[in-house]
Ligand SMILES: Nc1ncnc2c1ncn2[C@@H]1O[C@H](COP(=O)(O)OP(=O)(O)O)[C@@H](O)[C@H]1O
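One chain comes next, on its own, written as structure tokens: the form predicted on its own.
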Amino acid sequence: MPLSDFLDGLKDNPYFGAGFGLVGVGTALAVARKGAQVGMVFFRRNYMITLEVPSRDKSYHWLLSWITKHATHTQHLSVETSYMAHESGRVHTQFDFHPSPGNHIIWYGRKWIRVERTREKQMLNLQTGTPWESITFTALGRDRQIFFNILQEARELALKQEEGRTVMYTAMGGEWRPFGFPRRRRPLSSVVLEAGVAERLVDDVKDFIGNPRWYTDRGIPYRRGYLLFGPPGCGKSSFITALAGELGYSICLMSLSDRTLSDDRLNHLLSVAPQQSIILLEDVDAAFVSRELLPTENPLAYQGMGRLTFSGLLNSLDGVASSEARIVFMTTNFIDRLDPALIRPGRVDLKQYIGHCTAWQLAQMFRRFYPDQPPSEGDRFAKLALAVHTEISAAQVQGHFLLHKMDPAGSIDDVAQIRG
């Protein structure tokens, strides 16, 4: 049979015609689908704007709180449970709800904004053990200002939550993480040091903060180090906490005895410390002792307790790679155990002894705890206390007053019972 006759027969076949029509419709649908995809890509590239915020960015937790505030109608939530310890000692359980991973729609700035929270199930942050997350904002238009407004509003919301409080940070891997809830700022007047000591330290810190150009013009690194030394319980850490509240600063707690701490990690942490923060290195004598001690006197002399070396600590404090615009406070109960290289000028610019209570301190503490009592009672308490105990720490006196909260006369009569 000729080929032309065969094709003419297929055309006359009704089944062949129906199949040919289906093929044409399928092709048309495929082309339409492809065109829609290309059109959507073109539209998104030219008429939509997106912002991705990874969980490692500092604004990530701000934005989570901001989304929680604005996505009030979302039905897909995740919970974050935490415990808050009140000053009375009572522990309160707090539940914070955040939009769960997925898509959420928010009306903001007269625009609908799609918020997509994604979580990588196969990837973990090895430092914290938590999955990697990100938030992607998508809005119509090409104006970036809406994202600047969101970030600014999220920042102000976070600052408002911390207003009047001191944020404590602790080192988690290579970054600083808030430790617990922000604490209510401690008044500077609540820490009674010897006359003039607190004023001297506060004036020095404020002078440093207010004169960065003075350091720059003279080519001096803009950083300052302080060492508070003296017997335990005399108010070193309490004063630093109150100072942070006075300045509106946060506190970054750093333990040099951490066995996972290395030279590189310490240098990195000091370099990325939050702005307007005090870096606190407590009990530095517990990590390193003086090289002048004989090995027979102290087998661990100058060896350190972990991977951190003494030279690494010195370089982090004032080496070539050390950061600027930094305030470091160190505390120790035994200054004679510290290596002279650690506390020389440039690493420690101001040393201050915080010792046992004097008669003036005892009288001031009495007047603060019992403001309704005449000043003469405070002087009498101080005289009797020093007659019984030659060396009294502020912590001991405070503990004694707590046993006689509403009984000032009893605190004087039982002064011999101050616990050592």
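Note that residue numbering begins at 1 and tracks the sequence as displayed. Keep in mind that this is a model prediction, so the values were computed, not measured.
The same protein also exists as the form predicted together with the ligand; that form is not shown, yet it is the one meant from here on.
(request) Decide open or blocked for this chain: the ligand is absent here, so superimpose its site C-alphas on those in the predicted bound form and check whether 3 or more ligand atoms come within 2.4 Å of a backbone or C-beta atom. (result) Transferred pose: open.
(request) Go through Ser262, Ser277, Thr136, Ser238 and name the one with a heavy atom inside 4.5 Å of the ligand in the predicted bound form. (result) None of the other options qualify; the answer is Ser238.
(message) Considering non-hydrogen atoms and a 4.5 Å limit, which listed residue (Ala395, Leu51, Ala359, Leu384) is close to the ligand in the predicted bound form?
(response) Checking each option against the ligand in the predicted bound form, the one that comes within 4.5 Å is Ala395.
(request) State yes or no: in the predicted bound form, is some non-hydrogen atom of His268 no more than 4.5 angstroms from a non-hydrogen atom of the ligand? (result) The answer is no: His268 has no heavy atom within 4.5 Å of the ligand.
(message) Please tell me whether any heavy atom belonging to Pro182 falls inside 4.5 Å of a heavy atom of the ligand, as the geometry stands in the predicted bound form.
(response) No, Pro182 sits far enough from the ligand in the predicted bound form that none of its heavy atoms falls within 4.5 Å.
(request) Would you check, heavy atoms only and a 4.5 Å threshold, whether Pro232 touches the ligand in the predicted bound form? (result) Although the ligand is absent here, Pro232 would touch it in the predicted bound form, with heavy atoms inside 4.5 Å.
(request) Classify Ser190 as contacting or not contacting the ligand in the predicted bound form by the rule of any non-hydrogen atom within 4.5 angstroms, answering yes or no. (result) Yes, Ser190 is a contact residue.
(message) Can you tell me which of 224-232, 251-259, 138-146, 166-174 lies within 4.5 Å of the ligand in the predicted bound form, counting heavy atoms only?
(response) Looking at the other structure, the answer is 224-232.
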